[in-house]
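Only one chain is given next, in structure tokens, and it is the form predicted alone.
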């Protein structure tokens, strides 16, 4: 991780953008980690489907790091990129960045790697037809 947040830039393409709302906070007013993981999973699924062109399901969160809290009112943006292509699976690196309402700073708050598997109509893994 880059130690200077002003020089770091999001990796990948924007797949989800939302606003952190009070209904998804813990008792201290910070966003629940589960809410953030859900946003990441949605964003990763968008990119997985874009590349796989088939039904995909989340099978693993290989790594997830909470760097900074997310506050009510933050504009939350998830950026995703492919980190691994398998026969039936795809690994998606996901970064979450926020724009803070209070000072308009833009900071990375979370990153992780999610794995999705292509499945057929019976729910069984099926090969992904990768475009050349």
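Since the model is a prediction, treat every value here as computed from it, not as a measurement. Numbering follows the first chain given and starts at 1.
A second form of this protein, the form predicted in complex with a small molecule, is not displayed here; the remarks below concern that form.
Engineer: Would residue 58 count as touching the small molecule in the predicted bound form under a 4.5 Å heavy atom rule?
Structural biologist: Residue 58 belongs to the contact set for the small molecule.
Engineer: Does any part of residue 115 reach within 4.5 Å of the small molecule in the predicted bound form? Heavy atoms only, please.
Structural biologist: Residue-level check for residue 115: yes, a contact with the small molecule.
Engineer: Can residue 63 be called a contact residue for the small molecule in the predicted bound form at 4.5 Å between heavy atoms?
Structural biologist: Outside the cut-off, so no.
Engineer: So in the predicted bound form, does residue 88 come within 4.5 Å of the small molecule, heavy atom to heavy atom?
Structural biologist: Contact check for residue 88: yes, within 4.5 Å of the small molecule in the predicted bound form.
Engineer: Name the stretch, out of 7-15, 104-112, 20-28, 118-126, where some heavy atom lies within 4.5 Å of the small molecule in the predicted bound form.
Structural biologist: Checking each option against the 4.5 Å cut-off leaves 118-126.
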